[in-house]
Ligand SMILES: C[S@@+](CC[C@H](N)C(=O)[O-])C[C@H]1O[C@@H](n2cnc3c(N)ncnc32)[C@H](O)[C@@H]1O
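Single chain ahead, written as structure tokens, the form predicted alone.
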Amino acid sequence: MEPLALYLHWPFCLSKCPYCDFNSHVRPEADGARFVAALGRELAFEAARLGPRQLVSIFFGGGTPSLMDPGAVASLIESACRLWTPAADLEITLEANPTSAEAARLARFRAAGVNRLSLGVQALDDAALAAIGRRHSAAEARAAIESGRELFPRFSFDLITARPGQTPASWRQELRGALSLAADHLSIYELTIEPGTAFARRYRPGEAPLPAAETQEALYEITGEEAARRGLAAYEVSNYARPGGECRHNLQYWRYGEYAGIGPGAHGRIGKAGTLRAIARHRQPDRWLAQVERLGHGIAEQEPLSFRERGREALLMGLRLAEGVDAERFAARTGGSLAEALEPGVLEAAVAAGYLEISDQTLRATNVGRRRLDALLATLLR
């Protein structure tokens, strides 16, 4: 059976972070039970049309899925494992925020079947947390980290770097403290000002008080150095893990495997009848909910992808990984070879510049190249 990763989107948050451009909504009046029922109905619809699959991961993302009722999480896990064949090492991840109220529910999520926790810590400094609009304190974050490590077999937390006023020295100190608390995985993302966010409305283009490009490069180098000292390798641009601690759900994305997305705004990549289809659900929660209750699904678009589109996605995702893009897997997933997808002159120049490395079996980006993927792919693809 074709391996399948399952993503379930819970769109609601207690507040909207000023940097966040995810499909999240502050809706304290939302009928949680009604949305959970719709997730279950859409899950059944997806299973009926996909047929038998081996389920390798379940990921509850958002939004803030730790606001869900743990009993509802247990019910959705049970349904997914009944509708598909769960792998023996099925990974079940839930994202959570480290506020005291949410941290108090972690044991119930573990009892519900979640075996991997991802905490949105973002910073371990109270001033930095306030500056980026987070609702928890550094003390709450450390307490939630300790609880997460005790309760869950696998555990990760996120940090945001390249924050306003951040220096290499302050980041090294903060990162060392974070790594002393880390288990087998750590995600570290650079702060960006995305269109449509509160930060974008606050700052004019180019005026956001982010560190200079040279400082951002130094912060990235420090992250790799300090993580390696603690035994965590950069297996992806923004993710560090000890061997075996990699996020299997995200690896399914980055290796361009198949995944189904359930819930408002969720996306999927599903193969059928020799094609690969891009599937997107309605983003607006009420519109998604109404369509699910009427039709059994909230699909807004589903389109077959051309070879060029498949090639671009496979390279954009795969070159983020330290392991790179496997030539055989690329051909199986896209229907064409790497040679057919790439401009030979641009490839030769990128290799000569030290951005890419290529062999008979693998195309991979170097550390420098992984920082420049968007620019590379703009000219690299035929």
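Everything quoted here is computed from the prediction, not taken from an experiment. The first residue of the sequence shown is number 1, and the count goes up from there.
Just so you know, the form predicted together with the ligand exists too; it's not on screen, but the next bit is about it.
Between the ligand and the residues 186, 292, 92, 96, the one pair within 4.5 Å by heavy atoms in the model of the complex involves 96. Note on contacts: among 238, 275, 216, 192, the single residue with a heavy atom within 4.5 Å of the ligand in the model of the complex is 192. Every residue in the set 20, 62 and 134 has a non-hydrogen atom no more than 4.5 Å from the ligand in the model of the complex.
The candidate stretches are 116-124, 306-314, 221-229, 239-247, and the one lying within 4.5 Å of the ligand in the model of the complex by heavy atoms is 116-124.
Using a 4.5 Å cutoff between non-hydrogen atoms, residue 286 does not count as a contact of the ligand in the model of the complex. In the model of the complex, residue 160 approaches the ligand with a heavy atom inside 4.5 Å.
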